[in-house]
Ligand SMILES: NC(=O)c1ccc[n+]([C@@H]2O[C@H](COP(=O)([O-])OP(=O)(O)OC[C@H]3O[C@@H](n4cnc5c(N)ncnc54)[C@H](OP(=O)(O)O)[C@@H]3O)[C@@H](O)[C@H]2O)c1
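Okay, here we've got a single chain as structure tokens, the form predicted on its own, with questions on binding and movement later.
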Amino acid sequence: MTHAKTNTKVTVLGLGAMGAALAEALVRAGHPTTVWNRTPGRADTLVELGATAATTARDAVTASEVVIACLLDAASVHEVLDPVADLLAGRTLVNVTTTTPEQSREIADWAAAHGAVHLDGGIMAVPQMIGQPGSSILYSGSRAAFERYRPLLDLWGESAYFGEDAGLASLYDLALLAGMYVMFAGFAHGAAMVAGAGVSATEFAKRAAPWLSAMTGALAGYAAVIDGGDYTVPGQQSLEFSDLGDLVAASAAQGISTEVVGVVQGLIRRQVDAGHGKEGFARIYESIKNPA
């Protein structure tokens, strides 16, 4: 990470676990940091570290050239900033609130209409990871703002810029989260399967973690097949061989839900039924991209 000049005044709106972690990193780096939260008392620890607590959102916004919004959702961004929109002119708004791509673009247009420069961010980390190796933040929107404040942004994690379209960071963020949540759901399903045999989730995790980690090595190969559009490339596991019928049946026999594996089986069967059973497993991408 690069080191930020410490003369940039920054305001953080929203002091949930993530907002507080972002603010703490700024304070510890020496930035004059103003913090605000709708719930009183959440700023106390940060104030002890050197932050300044604002009593109103208006005071918070006027205190700094860079305003960080880390709030609950897109509606919260408007609830907090609409009443002080007249104060945003000439400032940079960095919105790291989780939003959809469409919401990110709407907020960017709204900010521009009020004379603010906008940068959208998707945080690929949990609060404890902020400022630590492995933390990364995805950005899109104003390139000028990204370049100008990158030393500051790098305090939180590795910064990656995806372009002027304000919705791209959110799109990448949610796409990566899709992979994460489906993986976790698969782990939970496996833990539920073996639970009936008296195996704890902790014990199962000892086997699952290295196995899942090893399997991520196949992603590049799947990506190459998908991008090439040829699912008949030799060396792939066929859809017929990948049929999850036994897995679904075994799950039902254990008395657990088959919803997680049933979804994947449905994606496989749709392609098999369309005559693509001899083609590679990566073809389930077509089931996802082209809903029934």
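Fair warning: this is a prediction, and the values are worked out from it, not measured in the lab. The first residue of the sequence shown is number 1, and the count goes up from there.
The same protein also exists as the form predicted in complex with this ligand; that form is not shown, yet it is the one meant from here on.
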> Does the 4.5 Å heavy atom contact test between Cys70 and this ligand in the predicted bound form come out positive?
Replying inline: yes
>> Can you tell me whether Glu79 touches this ligand? I mean in the predicted bound form, with a 4.5 angstroms heavy atom cut-off.
In response: yes
> in the predicted bound form, does Thr97 have a heavy atom within 4.5 Å of this ligand?
Replying inline: yes
> For Gly16, is any heavy atom within 4.5 Å of this ligand in the predicted bound form, or not?
Replying inline: yes
>> Which residue, Leu138, Val84, Ala125, Leu155, is the contact with this ligand in the predicted bound form, using a 4.5 Å heavy atom cutoff?
In response: Ala125
> Ok, Ser251, Thr52, Asn37, Ser242: which has a heavy atom sitting within 4.5 Å of this ligand in the predicted bound form?
Replying inline: Asn37
> Which of these stretches, 230 to 238, 243 to 251, 37 to 45, 260 to 268, has heavy atoms within 4.5 Å of this ligand in the predicted bound form?
Replying inline: 37 to 45
